[in-house]
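Consider the single chain below, provided in structure tokens and representing the form predicted alone.
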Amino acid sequence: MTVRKAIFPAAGLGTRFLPVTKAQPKEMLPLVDKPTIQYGVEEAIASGIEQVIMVTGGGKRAIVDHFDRSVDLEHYLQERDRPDLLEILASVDQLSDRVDITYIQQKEPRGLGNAVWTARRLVEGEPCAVLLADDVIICEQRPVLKQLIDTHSKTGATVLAVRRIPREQVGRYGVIATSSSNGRVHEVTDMIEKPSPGSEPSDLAMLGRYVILPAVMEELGQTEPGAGKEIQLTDAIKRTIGRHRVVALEFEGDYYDTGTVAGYLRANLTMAMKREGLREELAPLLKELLEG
């Protein structure tokens, strides 16, 4: 079946970024000049997704407002003859014209798996995509989600986005074990969430993009809390192995982890230095700071 829907779990409390996330959703923190979640929505649209399902929680109204039209702001800018800013507003408004955005609330923070399961009735038994806004992946030629969807079309499998990382960092991620490989596509035999050093089965870490079969959603309804006393998506996927095929794709693209303060700052700096105009302003400042 065609992958038409994408779930965006956006109900987390953002405790790593307190106090700024006390009243501001972490998904709305800016990455250069756009909120992090907008990069994911743009990727979904470019990958052919027809419906985005935002799983939100309390205090997440800013996400809804961002993708909604602001008539008052438009009127203000029109009166002051600011076509440049109106064009920026229009580029955001057009996102909701190109994809249906639906919102559903997770009742309490019970983990990524529970957030995905909250959207089960909106998925209606179809294979669907899951995108984590913290993981921003830029690929100009072919969006990462499109790479996963194409792999799913060829294999009929649940597909995980993976990348090789240094062994000393694997404890921060979910890591896969494989039985065989065909180029960048690997057959998954096991998945371990945040393995202890030395116990990792490979250096292939899962990074924020999935295409999941309906069987995964069924397992989520029966999965008990795991690591962190939360319902883990990886536990549900793991329970489908043997009955349904699970593969991992080493994706192509620039990966930015904005889920930690250090990663968020690194992502902002790196992307700003790639932006013409900003690079010329920041380069002398960075040189001054490094020399100081």
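No experiment lies behind these values; they were computed from the predicted model shown. Position 1 is the first residue in the sequence shown; the rest follow in order.
The protein also exists as the form predicted in complex with ligand G1P; that form is not presented, and the subsequent description refers to it.
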inquiry  = Even though the partner isn't displayed, in the predicted complex is residue 127 close enough to ligand G1P, meaning a heavy atom within 4.5 Å?
reply    = no
query = Looking at the partner-bound form in the predicted complex, is residue 143 within 4.5 Å of ligand G1P by any heavy atom?
reply = no
message = Within 4.5 Å, heavy atoms only: does residue 187 come near ligand G1P in the predicted complex?
response = no
query = So in the predicted complex, does any heavy atom of residue 210 sit within 4.5 Å of ligand G1P?
reply = yes
query = For the chain shown here without its partner, which stretch in 188-196, 76-84, 213-221, 91-99 has non-hydrogen atoms within 4.5 angstroms of ligand G1P in the predicted complex?
reply = 188-196
ask   = Does every residue of 6, 131 and 158 put a non-hydrogen atom within 4.5 angstroms of ligand G1P in the predicted complex?
value = no
inquiry  = Between 119, 137, 149, 112, only one gets a heavy atom within 4.5 angstroms of ligand G1P in the predicted complex; which residue is that?
reply    = 112
task = Consider the chain as shown here, without its partner, and state which of 56, 47, 232, 36 has a heavy atom within 4.5 Å of ligand G1P in the predicted complex.
result = 232
query = If we check ligand G1P in the predicted complex, which of the residues in 156-175 reach within 4.5 angstroms of it by a non-hydrogen atom?
reply = 173, 174
